[in-house]
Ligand code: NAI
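The chain below stands alone and is given in structure tokens; this is the form predicted alone.
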């Protein structure tokens, strides 16, 4: 089967890691035609905005996009491109699987977690104003619809992927109405999934527990701000943002992305590590039903990292982006 998907190359090292990912997906035997669209810093120069309407239209038409890291310009009234994409396309699920990678040394072994972050509301709704000089108010929006959407999606994932437990991360002891609404929705939805183990824990307790022993958790669902912080914390348990995948998923559209920064200091030098976006490409393949290809890519990626003979500089090696990508493709072809 052939596909046509949107390609958002991003800024900084974005074009380099997206090119590497496309090479790997092509080597896996999946026929994908890519439709590049302007986004980020380059789009500001050509369109006056980092997120042109044609970019959103393309994702709506192709349903799926691969996205490199994007830098939102500071000032000039520009809002976060990432937040704007999620809200415009109602990508209410931020999916962040976090798994120990063979050959990448970390403090904890056999980490295997999944973070589900509500992606469209909370403090990231972008509703701020200054009522008087020296005072800023930020509105934290939580709706029952969004809470039920994300908790239902998380339960479906747990059941369909053979996971065992879903933990709601909250602070309803303090924010009794907003987090209380999320807690009520979580328990209401949980009643439809009797074979999933459910628990609700305070966010500060979860943070402490993750640092001490992440094996006590399996899958975790939470609102936007908690999810932003905890997903990055979990990434740190397995080697950092440079090795973990990310996806933003809604009922109709999905954007698979690198969750690390655009690293402008090394852009154009050909030394960027494409692991995170290749790993996100694995999520993309699973999303469209190409599971055999997804497993092949993940296995090849992990094999190269475990051997340690070809690694980029951030992981202690000397390989450049092309050499690392070549090694993964060679492993794919051999297996």
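Everything quoted here is computed from the prediction, not taken from an experiment. Positions refer to the first chain, counted from 1.
Keep in mind the form predicted together with the ligand is missing from the figure; the text below concerns it.
Note on contacts: among 143, 71, 100, 125, the single residue with a heavy atom within 4.5 Å of the ligand in the predicted bound form is 71. A heavy atom within 4.5 Å of the ligand in the predicted bound form is found for exactly one of 120, 155, 94, 82: 82. By the 4.5 Å heavy atom rule, the three marked residues 7, 15 and 38 all fail to count as contacting the ligand in the predicted bound form. Interface membership of residue 280, defined by any non-hydrogen atom within 4.5 Å of the ligand in the predicted bound form, is ruled out. Residue contact check for residue 257: one or more of its heavy atoms lie within 4.5 Å of the ligand in the predicted bound form. Taking the partner from the other structure, the ligand in the predicted bound form has a heavy atom within 4.5 Å of a heavy atom of residue 242. Contact annotation for residue 170: none of its heavy atoms lies within 4.5 Å of the ligand in the predicted bound form. Only one listed stretch (269-277, 22-30, 299-307, 38-46) carries heavy atoms within 4.5 Å of the ligand in the predicted bound form, and that stretch is 269-277.
Contacts of stretch 260-274 with the ligand in the predicted bound form, defined by any heavy atom lying within 4.5 Å, are made by 260, 261, 262, 263, 264, 265, 266, 272, 273, listed in sequence order.
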